[in-house]
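Next comes just one chain, in structure tokens: the form predicted on its own.
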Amino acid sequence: MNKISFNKKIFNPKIFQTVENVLKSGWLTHGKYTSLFEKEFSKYVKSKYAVTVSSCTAALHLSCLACGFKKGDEVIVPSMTHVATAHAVEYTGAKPVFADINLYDGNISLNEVEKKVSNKTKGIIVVHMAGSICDMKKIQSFCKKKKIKIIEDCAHALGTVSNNTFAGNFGISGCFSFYPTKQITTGEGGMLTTNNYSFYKKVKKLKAFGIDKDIDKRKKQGTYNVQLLGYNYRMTDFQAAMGYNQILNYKKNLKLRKKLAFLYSKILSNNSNIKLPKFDKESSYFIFQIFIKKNIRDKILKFFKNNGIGVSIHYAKPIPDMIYYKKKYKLNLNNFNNSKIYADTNISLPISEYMSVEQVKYICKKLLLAIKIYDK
């Protein structure tokens, strides 16, 4: 079988034409596709408002700023996630406080969160790992009692649902990623969703230098005022055109992802050497994660590479083991045992709407062969 890439992208010819039209127009930012993308995205996830931004990291940072996090505050984040989740808190001067995760869904453990809450705790950022949603009903109930603001890191969770509610609607904001490996991509880019109007208006200002008027609302060219210290976190209009065209077809593409995830689960779930979360029809399956014994995990990664199968790790190192955070906050990885196990044993298998049933069967066949070879 031909080489299987970890995350294959095939763009509809219409996307190339739309992007070309934007480039030819000369209107490369603040354009119509930015607005169209925001409207279509909010329609899809059923949020009241959506704001395009330059990355998911930008969305997280803006959310922390709009929540008012500052020096002296604490914000709880999972110990197993991309470092951007913690960075967003750190940028504001607040302190990220790490809570361990569940095995094997990778989501933040509410029991661990409860241990980390103090009178300085102002917020929590939950991460829906691999597209599987956190236990938001319990987290919402707990945070409401403690008056803790919830931000959702939905970088993996476009299309993930729980109790008929899309990820991104459980907290004050949802932060989505359009990095090249994600379900839809704009190269770099992100989206912030919210159902709070005042929060939305503040984020809109913060993402564009603090300017008080959108370009199409100015009575005279170049006239505006700056009301607060903002940033340049805008998305270009040709990126928005890419995203807009992909979100239109996303329901169909997500259905295909779930079909392949079900097949992975069906083939692999009965093998005692492989641990994996139970198939979840509500997950968006950004990746399909499995867990293999630590002593053979890296051998299997190499085996996949030698057989032309693209795989990855999400993630190879918990944030408390990253030098910056480890030194600054004097963290001990032994306090995050589940995260340590997760990091040492996870493998992300390729999953994409552009893959075939035959490819998934081939990957599973090679995986089971590799386990047979190395697990002696």
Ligand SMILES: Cc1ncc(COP(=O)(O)O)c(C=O)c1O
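Quick note: we count residues from 1 along the sequence shown, nothing fancier. Just so it is clear, the structure is predicted and the values come from calculations on it, not from any experiment.
Same protein, other form: the form predicted in complex with the named molecule, not shown, and the subject of what follows.
Checklist entry - Hey, of 138 to 146, 233 to 241, 171 to 179, 102 to 110, which bit sits against the named molecule in the model of the complex at 4.5 Å between non-hydrogen atoms? => result Residues of 171 to 179 come within 4.5 Å of the partner.
Next on the checklist: Suppose contact means a heavy atom within 4.5 Å; in the model of the complex, does that hold for all of Cys56, Thr85 and Ala155 with the named molecule?
Outcome noted: Answer is yes for this spot.
Next on the checklist: Please tell me whether any heavy atom belonging to Ile124 falls inside 4.5 Å of a heavy atom of the named molecule, as the geometry stands in the model of the complex.
Outcome noted: Residue-level check for Ile124: no, no contact with the named molecule.
Checklist entry - Any of the heavy atoms of Tyr325 lying within 4.5 Å of the named molecule in the model of the complex? => result Heavy-atom contact with the named molecule at 4.5 Å: absent for Tyr325.
Item to check | Touches the named molecule in the model of the complex: Thr81 (any heavy atom, 4.5 Å) | outcome: Contact with the named molecule, yes.
Checklist entry - Is Gly189 a contact residue for the named molecule in the model of the complex, using a 4.5 Å heavy atom cut-off? => result Contact with the named molecule, yes.
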